[in-house]
Ligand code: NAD
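The chain below stands alone and is given in structure tokens; this is the form predicted on its own.
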Amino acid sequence: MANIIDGKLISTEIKDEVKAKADELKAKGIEPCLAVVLVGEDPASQVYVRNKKRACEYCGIKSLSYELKEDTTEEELLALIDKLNADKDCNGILVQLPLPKHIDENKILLRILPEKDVDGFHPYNVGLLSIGNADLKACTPAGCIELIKRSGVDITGKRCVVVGRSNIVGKPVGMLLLSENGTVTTCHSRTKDIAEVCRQAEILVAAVGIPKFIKGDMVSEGVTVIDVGINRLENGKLCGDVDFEEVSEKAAYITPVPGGVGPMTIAMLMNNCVIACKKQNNI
């Protein structure tokens, strides 16, 4: 039976480390500050924003909240980002996605200054990630790497398989595994015999968005499994992209859903905010 990787515990460790760094900055008269912008009333987004505010409070990071109406124009949102870009006291800007359909997400994300892009989504930061030189790394992929390393699993030389090639998780987590000296294969909808590729993995990251896609016969004994998926079943329960019951019989380490990768995303966001603050103040 697999060792369960406790994302809540590890995320708390990281937030405690961030709090200590924030306290050091405050002792120098500098207060890290994150601006969170929410457009509309999407219930899931409201929950995420609330959790981010709570995490800021825990870590000693100042939180600015902008809750805009659904009919906010693209121009109004861009003007707010310009204002936050110019605000020297604001270190990080996070625009909660998804945005209403009349707003171009790419245009909004491009407008955020790369040094304040604490989500790690700006093409400049993605480019730095691809050459192994990013300070602000996409939060969920960075959280996956921390879960692996803090569980005592050495990535160096391991055969790593990433299932999914999204810009938000699949591609960046592949690049991060590569920068940790893993040997990386990415699977996607056109991959032939995904099951056979997955069975070769010593570290498997599932980020495909299909409930229980990874079955027990798709993994080898002793694999480390990171399940990024969050899917709601018809009965209202959450499950990941991995069939936890089947795969946990063979894996050495596995993340649960919920309580695995989820808490790590916000912890890494807090970490990015402090990194951004230090860089902007030349510390």
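Just so it is clear, the structure is predicted and the values come from calculations on it, not from any experiment. Residue numbers run from 1 along the displayed sequence.
The discussion below concerns the form predicted in complex with the ligand, not included here.
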Is it the case in the model of the complex that I148, S151 and P258 each bring at least one heavy atom within 4.5 Å of the ligand?
no
Any non-hydrogen atom of T156 within 4.5 angstroms of the ligand in the model of the complex:
no
If we define contact as a non-hydrogen atom of the residue within 4.5 angstroms of the partner, is T265 a contact of the ligand in the model of the complex?
yes
Residue-level contact is defined here as any heavy atom of the residue lying within 4.5 Å of the ligand in the model of the complex; does G229 satisfy this criterion?
yes
With the partner left out of view, is G182 within 4.5 angstroms of the ligand in the model of the complex by any non-hydrogen atom?
no
C160, V163, A142, V118 - the one with a heavy atom within 4.5 Å of the ligand in the model of the complex
V163
Could you tell me which one of I168, L178, L128, L113 places a heavy atom within 4.5 Å of the ligand in the model of the complex?
I168
Contact segment among 31 to 39, 64 to 72, 246 to 254, 210 to 218, judged by heavy atoms lying within 4.5 Å of the ligand in the model of the complex
210 to 218
Heavy atom within 4.5 Å of the ligand in the model of the complex: which residues of 188 to 207 meet that condition, in order?
H188, S189, I194, A207
